[in-house]
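Encoded as structure tokens, the following chain is the form predicted on its own, with no partner shown.
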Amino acid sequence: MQNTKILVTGAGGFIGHHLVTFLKNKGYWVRGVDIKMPEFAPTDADEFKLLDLRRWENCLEATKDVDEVYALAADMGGMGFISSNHSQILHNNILINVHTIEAARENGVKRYLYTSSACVYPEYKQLEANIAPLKEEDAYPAQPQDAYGWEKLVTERLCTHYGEEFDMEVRIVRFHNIFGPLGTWDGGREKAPAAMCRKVAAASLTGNPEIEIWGDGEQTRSFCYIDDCITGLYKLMRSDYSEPLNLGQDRMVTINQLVDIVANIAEIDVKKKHIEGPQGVRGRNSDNTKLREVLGWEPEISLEDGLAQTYQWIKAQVMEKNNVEQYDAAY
């Protein structure tokens, strides 16, 4: 382990930043790469390179002299962002992914983990709020809702073929709504838990109990805390499983219920105001059957415990920036 060198792409982002710290604590040498430094805390990487991975030569530099790659780099955000930036997302992420895995192959990387998304699942299986949990094989016949989902699905195929045809062990994980501290919490790219924590924090600080929610709030999701996400990533990388694997909680809640949980943590009463806005699919949940079979493990941290940690951190951010007004948020 001490001699293993690892590259984390997207190390300036939410999950990548946490992953770098986790791997360093495990004793690995870690290089972080991103187009930006982490926003909310210093990186623990041994080496951090500011590189635009849309460019081939930068991918060659990033993957040089490393043994393993955790490929997290992506142009992404919450539903408000991914529903209105299809061409940008598809263009940027295809370039990042095609160049990174080929550069890794050329540089002799032996193990490569690609972070995909539950957005690969077809829209026709997510039309109702109370849906069956999504199994890995449900991805086909394919019909992702957005360009983000199509890009993820195509890159899954690319990684699978690299694993079949070259001397590279490939792992593919499908994230289901990861949340926690040190993540984007405003500006339009934030996800539902961060957005609702910010809105409830603002309500607590201003005394205005009104919380805006896109749609009727009955759309459903499952949410996985960052510590469980990182543990699952590491366990998958160390496993011998090469097929796509869900990583998320299998407890489905509505957005209205999510707001209620956060308000209970904040110990305030809120008034929900439902407005027009992008909502994504009507319902989505993770089937963790294969996760349990493959890893002998599943996420353990409850939504309430994870949101308690996240809310306290976001409330501190709101107070620090004196940012107590309401924002439109992505979910």
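We number the residues from 1 along the sequence you see. In this text, all values refer to a predicted model and were calculated from it rather than measured experimentally.
FYI, the form predicted in complex with nicotinamide-adenine-dinucleotide (NAD) isn't displayed, but the following is about it.
Heavy atoms within 4.5 Å of nicotinamide-adenine-dinucleotide (NAD) in the predicted bound form map, among the stretches 174-182, 213-221, 161-169, 136-144, onto 174-182 alone. Among Ala194, Ala74, Ile255, Met79, the residue placing a heavy atom within 4.5 Å of nicotinamide-adenine-dinucleotide (NAD) in the predicted bound form is Ala74.
Using a 4.5 angstroms limit between non-hydrogen atoms, Asn85 is distant from nicotinamide-adenine-dinucleotide (NAD) in the predicted bound form. In the predicted bound form, at least one heavy atom of Ile35 sits within 4.5 Å of nicotinamide-adenine-dinucleotide (NAD). Looking at Asp46, you'd find every heavy atom of it more than 4.5 angstroms from nicotinamide-adenine-dinucleotide (NAD) in the predicted bound form. nicotinamide-adenine-dinucleotide (NAD) is not shown here, but in the predicted bound form it comes within 4.5 Å of a heavy atom of Ser117. Along 49-73, residues Leu51, Asp52, Leu53, Arg54, Leu72, Ala73 each place a heavy atom within 4.5 Å of nicotinamide-adenine-dinucleotide (NAD) in the predicted bound form.
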